[in-house]
Every structure is written in structure tokens, then in C-alpha cells.
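The form predicted alone is given below as one chain in C-alpha cells.
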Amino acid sequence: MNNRFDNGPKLETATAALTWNVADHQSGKGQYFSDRYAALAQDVERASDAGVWQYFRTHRAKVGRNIEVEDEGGRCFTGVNGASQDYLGLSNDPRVVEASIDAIRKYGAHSAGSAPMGGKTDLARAVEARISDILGIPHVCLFPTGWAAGYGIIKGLVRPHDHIVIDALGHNCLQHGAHAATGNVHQFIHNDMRSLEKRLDRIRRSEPEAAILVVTEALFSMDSDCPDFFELIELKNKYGAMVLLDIAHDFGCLGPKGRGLLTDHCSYSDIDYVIGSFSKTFASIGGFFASNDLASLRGVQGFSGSYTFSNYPIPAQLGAVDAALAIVFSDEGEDLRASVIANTRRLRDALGAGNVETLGVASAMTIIVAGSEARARLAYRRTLEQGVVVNCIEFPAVRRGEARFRVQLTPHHSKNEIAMIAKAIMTGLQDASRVATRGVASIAGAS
């Protein structure tokens, strides 16, 4: 397959494809939504025609280390996959696949209801028990997706008179859940414990009896960094707050025996609530909530719409998760974790040798700063042409002008494949910078 954009975009098309952002269309007005978003649709079409629309790729075959994808413009590419959320490489593991199939054979294809309405199986109870045992948290319930868990847990626990203090870079589901739950939402500077304390102190002075929920993540997916857990817990105790910690990106992949970064420093018994996802390390989709007290679990189950009014995770999901949990928290899982971190460090070292900046700590994600949306889109196009598929992230996932690549390796990527990814990214960024100095309209020349 020819990984080239043989029909290069016209000059004016290329310029238009690079000089817009989704944020430009965020505040549209008008009586009809179709009119309001017509300009957005046109901008997406131009970017797709120019080969610089990085979203909505379609996989044409099994997702593994090497993949075949089709972009929205109908162009097909094959290459090394650096873009899958498959942190320990278990999505194609025969044991996981067979467990998913076996679950369908035993329970059928459908969960046939929400948890309160009989959608739960004994397989689900086994998954809940595994998570409870691993975390050392007694009370666990499952959600159909990780997003549903993050949103629903906050909305279920918090009332309009309560306060939420949330990291400014908290995940979309956490932010939406917070604003849906209360108007008393206070953002603190990312991972800045002094900023957090100022907000806690201000709330506690004005409302001594207020309920305060601090919301943050153990590992942030766009920066691969983490908070100071000791200080977080000290502040929680000092101000009588509760903490909700999202462990979607580190649970199973980092920390002692894969139990997460928090356990490098302290215990989950030191905080109140944990949420996680199965879509990163555990070869499936779904989410979970873990609570150190039964009362809060019952509160979530009673008042979280995404729990009560969504069908329960289907048997295929749960079968895969159950098998993945058994592998992840075994001696084999230890080897897989060591391999993926070694691969990430290898990629980070290769990029650093080429003066390409990476962010945060070594994890299953390697975050590469691209800068402007135009530079990122141009570089993304060049990586595709070189037979490498990575995720190119821009607003609204990150702030405007802070676009980045997020490379997600598995333990199974070879040294040659990692070198190929590093070279493609470095070449893409260099070519994009050269094009930018000549003017973005020269995109066709970058090919």
C-alpha cells in the first residue's frame, strides 16, 4: 500500500486546512444548529482533503503492532501502530480473546439491563472482587464506560450546595461531572498543591461545614505527570475534604505490582474514592468506582444516572477484563510492565537525542510537544507517509497552541519499530517547521 498523499492539496486548500481550530466554532450562534456548525463542517472537509485531519481513522483489520487504517478522506495507510490504548499489549492475547468469547457463550451477548434492573452477572461480581482485593478498597461497582464512571460518580455524590476543587487539567468526564453537580466548582493550577490549598482554605473559612470533594488524577494522559500524593493527603486531612482519584492511566501499568503510582508513596486507604477504566491496560471498555465506605457506594448507586439508567457492561467486556486482571497482577504482568517502560524509555531517549521534548514521567504514554495546530497537523501527515500511526492531539483535549503527539507503546514493540516511530516523528516535526517558515501554504512541498 502506498503511504503517500499523491494528490497534493491545492495552495488555498492547504492554507485553509491549517489556519483554523475547533475552538473557533465553539461559540456559534443562530436559530438552527445546522447553520451554526456549517463552517466547522467545511473546515473539517478542507483538512480531510488536505490530508491533515488526524481524527476518526478507521481500522481495516485487527489492531496490533502493525495496522491498516483509512482516513476520512478515503486514503489507506499501513504502518507501525503507536496509537492504541493497549498498554500491556493484551487486546490480542489468546487468553483474553477466548475469555471474552466464553463469556458470550455462557451469558449471551447482552447484559439485558442496568445493574439495579438485573443486568449484573456473577462474572461481574468476580471482577469487582478482584479490583477490591488489588486496591485494598472494600466496595466496588462497575460502569459501562470509564467516562460514565467519572461523570456519574461526581454527579451522584455531590449536591448543588457542596464544593468541588478540581485540577485544571482533569479529564473531560471529571470536569463535566463537576459542573453538572454544582455551581461551586473551583479549579486549581495543575498539580500545584499551594494553589489547591488556597482554594481549600478560602472555602473552609467561608463555609466551615461544607462538603468538599477534591478531584484529581494519579497520571495525567496529556502530560504523563502526577501530583504530590503526600501533600494531597495532608491537605485533605487538614481541611476536612474528601479526595476522588482517577487511576485510569496508571492502574495495572505503574507502581508496585502494578497497583498504581499512589502506592509508591502511601495506600488507597488514605484517600476516599477511586475511579478507573478498563480501556487502557485491561483490553476492554468499562469503568469502576471503589469506595472505602459502603454509604458512599450506595449514594453513587442511588443517584448516578450513568449507573442506574445505563445497561451494565456486557459479558464480552467482563470476560476480557477478568482474564486481563489475572494476567496483569501476576508475575507475567510484572514482566510486561518492565518491558513497556523499557520501550517507553527507549523512545524517549531516541527523541531526546534528536532534541525533541517529551513530557512527564516514563509511562505507557510518550507525550511529544508539537506546538501550533498547523505544525502538529503537518507533522502528523508526514508520520503517516513514513508508515507510522500516532495520535495527534489538539483542542479541546489540550489548550490552543499546545498540540502534541501521544505515542502509546506496548511491551511487544521491537527496537526497530521504536526507532522507526522516533525517526518518523522527528522527521515530521522538522519538515513541518521548515514548511511553517515558508508559509503553511507550502504543505504540498512537505511531501
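A residue's number is simply how far along the shown sequence it sits, counting from 1. None of the values given here were measured: they were computed from a predicted structure.
Keep in mind the form predicted in complex with a small molecule is missing from the figure; the text below concerns it.
Heavy atoms within 4.5 Å of the small molecule in the model of the complex map, among the stretches 89-97, 126-134, 240-248, 373-381, onto 240-248 alone. Against the small molecule in the model of the complex, the set 156, 304 and 306 makes no contact: no member has a heavy atom within 4.5 Å. Although the partner is absent here, residue 229 lies well away from the small molecule in the model of the complex, with no heavy atom inside 4.5 Å. Contact annotation: residue 366 falls outside 4.5 Å of the small molecule in the model of the complex, judged by heavy atom distances. Of the heavy atoms in residue 184, none are within 4.5 Å of the small molecule in the model of the complex. Looking at residue 319, you'd find every heavy atom of it more than 4.5 angstroms from the small molecule in the model of the complex. None of 221, 84, 263, 175 but one reaches within 4.5 angstroms of the small molecule in the model of the complex through a heavy atom, and that residue is 221. Comment: the small molecule is not present in this chain, but in the model of the complex one of 358, 145, 121, 343 has a heavy atom within 4.5 Å of it, namely 145.
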